[in-house]
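Take a look at this single chain in structure tokens; it is the form predicted on its own.
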């Protein structure tokens, strides 16, 4: 079994347990994560589940989590960066949450060009994962039901985009971003649910654009490069789509620390080009 096989199986093995434990932890408050955001108990608990499953695998050299200030040295091998519970604030209203994983062939911090695999797990009405790997010819989706993991086949990004979701309030984004959002929302269906995994899954299903721009209070954007932006950019670009921080592919963003943030846009290549033109 390759190192990537072990990570994929490890994430799938934990996913059902995480889903089963969410209801009991939906309202419990935790502390503050290294990015200064309020945690709930589920954030810390999910991180512990994934750490126990992944940190002891052969081929995993670093475990780096949105919920931990520092990287954990696990030996030799790939660096695994994880957002254990993306969109955890959605738990209180029983809306979808997810898990995002990036597997890097370099110690972190590093650019997304060092990614060799990325995963996005979505805990919706049922649990699915989307997996992109450098050693596979296609991006695949899986249905995760308990101990059973069933392939749903290769993913494809629709050529005719229909949905858009750009986070942030009018007036808190730049004037150029507000104008772009207005333009796209007249052309496409507005979809924004507060969990990046769920919003990006809408883009994969219907084609379109998801964006989390710089806003007042988060001038570098809200999303973390290692745990969120770069892994999902890897998936989108593997499908022939695009990603940008407003100027360049998110895979080319060079983070200055483990928890560095970036303005983030992901979707069909033509829409990503429009973002860069609008924000230039």
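Predicted model, so just to flag it, every value in this text is computed and none were measured. Numbering follows the first chain given and starts at 1.
Although not depicted, the form predicted together with 6-O-phosphono-alpha-D-fructofuranose is the subject of the following passage.
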6-O-phosphono-alpha-D-fructofuranose is absent from this chain, but in the predicted complex, do 194, 212 and 224 each have a non-hydrogen atom within 4.5 Å of it?
yes
6-O-phosphono-alpha-D-fructofuranose contact at residue 67 in the predicted complex, heavy atom, 4.5 Å
no
Can you tell me if residue 207 lies within 4.5 angstroms of 6-O-phosphono-alpha-D-fructofuranose in the predicted complex, counting non-hydrogen atoms only?
no
How about residue 87 - does it come within 4.5 Å of 6-O-phosphono-alpha-D-fructofuranose in the predicted complex, if we only consider non-hydrogen atoms?
yes
Close approach of residue 245 to 6-O-phosphono-alpha-D-fructofuranose in the predicted complex, 4.5 Å, heavy atom:
no
Which single stretch, out of 216-224, 234-242, 248-256, 50-58, brings residue heavy atoms within 4.5 Å of 6-O-phosphono-alpha-D-fructofuranose in the predicted complex?
216-224
